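In structure tokens, the next block holds one chain alone, the form predicted alone.
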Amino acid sequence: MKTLIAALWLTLALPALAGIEVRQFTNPELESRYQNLIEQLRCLVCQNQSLADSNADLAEDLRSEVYTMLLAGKSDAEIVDFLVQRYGDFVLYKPPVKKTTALLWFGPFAALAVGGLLLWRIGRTRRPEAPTSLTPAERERLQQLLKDEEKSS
């Protein structure tokens, strides 16, 4: 009976083991560089996940590519440059500031400035006009109304 239960537990645990990638590193620094790189690089299939977080097949391939290049002695910059040449700046979570990424970096600020300008203009046009001064005839009429009010009270 114990053997049957152990076999059942092992069978249930197999799918969980399938998602774990086992990589052998020669030193902890290399492993740290690997983790850092796959967290900085974006999965091309899953829009908001890094290579480290994604379970997509392409992310797994890219992790293997990064791992292979690290073992080949490539620097982090060389690995990132290779992936950028292959997939473009989209593969980076923090793309560099250049003409092609200017809208990405400065677009939100420009939209905020345009929105603030529109709110300022709308608020300015809806502001009530300042009261104008009374004409002499209106002043005389106002004085007459105030006198009538005093007499009645």
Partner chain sequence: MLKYLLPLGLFVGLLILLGVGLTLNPREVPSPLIGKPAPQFTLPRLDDPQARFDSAQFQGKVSLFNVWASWCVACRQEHAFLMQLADQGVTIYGLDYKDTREAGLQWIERLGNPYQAVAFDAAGKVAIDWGVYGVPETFVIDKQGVIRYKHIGPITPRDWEEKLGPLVAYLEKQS
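Only the largest set of C-alpha atoms that superpose within 1.5 Å between the two forms is called the rigid core. Since the model is a prediction, treat every value here as computed from it, not as a measurement. Numbering follows the first chain given and starts at 1.
The discussion below concerns the form predicted together with its partner chain, not included here.
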Option touching its partner chain, based on a heavy atom within 4.5 Å in the model of the complex, out of L70, L92, I38, L44: L44
Contact label in the model of the complex: L62 to its partner chain, heavy atom within 4.5 Å: yes
Its partner chain contact in the model of the complex: L58, any heavy atom under 4.5 Å: yes
L30, heavy atom within 4.5 angstroms of its partner chain in the model of the complex: no
4.5 angstroms heavy atom contact with its partner chain in the model of the complex for Y87: yes
G115 C-alpha moves between the shown form and the other one by 2 Å or more, core aligned: yes
